[in-house]
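Taking the form predicted alone, here's one chain by itself in structure tokens.
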């Protein structure tokens, strides 16, 4: 599994994990992220059960296990957090930040030691030493309870399934030809995003943020002007076609 530093600030780092050559061919490739401060780490959408071992090995290159203090799950899907029972054994004193409405479901993955910290529907924030991260509501995109994570200092929005693309696992890290990339995103967003009004609400909210990197859970990340291009493309796309 590759691990790439996508932001280096005076007080924290963002590290992206993915493009695992050894993953089974029949599961979707996914991006995992970590925010690292001096003494604490937050893992964002740490991945499925089958991904735990390579993910743990990759994370330990950057921080000792006792400094992994927090997990975030954008929603309830297995590619997001079915590794929870294994993290639960490895991190007995960590906290899981996840949508309030999914607590009773997420606990089916196993959550005996990790403390569940429910995120209210209107969002919230997480103080990670000197850094304050924001939980941005993204409900019905594609899950009924769903959040993204915004870092105003790094100007990164971890956008879950928004901006995701279906393509081979060895794809480049960043979008390099936006127009060509839209065809890799179109079906995913039309099929997995059920609501045009929810989409419009999210776009209106996100356009107010200062974003340098849009970092989805699948596929390539967007940087610079491609962030605005993506918002314009998504705004014009009709979704919710699964009727």
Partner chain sequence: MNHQTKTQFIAVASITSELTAVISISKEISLAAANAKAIAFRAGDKARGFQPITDFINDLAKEMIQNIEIINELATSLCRITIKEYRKTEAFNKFELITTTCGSAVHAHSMQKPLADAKAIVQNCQLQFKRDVALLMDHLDTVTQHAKTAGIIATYSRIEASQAGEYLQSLQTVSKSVDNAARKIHDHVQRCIIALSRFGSANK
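Treat the numbers as computed from the prediction; the structure is a model and nothing was measured. Positions refer to the first chain, counted from 1.
This protein has a second form, the form predicted together with the partner chain, left out of what is shown; the following refers to that one.
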Check: Do residue 86 and the partner chain share at least one heavy atom pair within 4.5 Å in the model of the complex?
Finding: yes
Margin query: Taking the partner chain as it sits in the model of the complex, is residue 57 in contact with it (heavy atom to heavy atom, 4.5 Å or less)?
Written below: yes
Notebook entry, point to check: Does residue 78 make contact with the partner chain in the model of the complex, using a 4.5 Å heavy atom cut-off?
Noted result: no
Item checked: Exercise: residue 65 in contact with the partner chain in the model of the complex, heavy atom 4.5 Å -> yes
Margin query: 61, 108 and 112 - do all three of these have some heavy atom no more than 4.5 Å from the partner chain in the model of the complex?
Written below: yes
Next item on the list: Choose from 172-180, 44-52, 205-213, 189-197 the stretch whose residues reach within 4.5 Å of the partner chain in the model of the complex, heavy atoms counted.
Entry: 44-52
Next item on the list: Name the single residue among 90, 166, 131, 117 that comes within 4.5 Å of the partner chain in the model of the complex, judging by heavy atoms.
Entry: 90
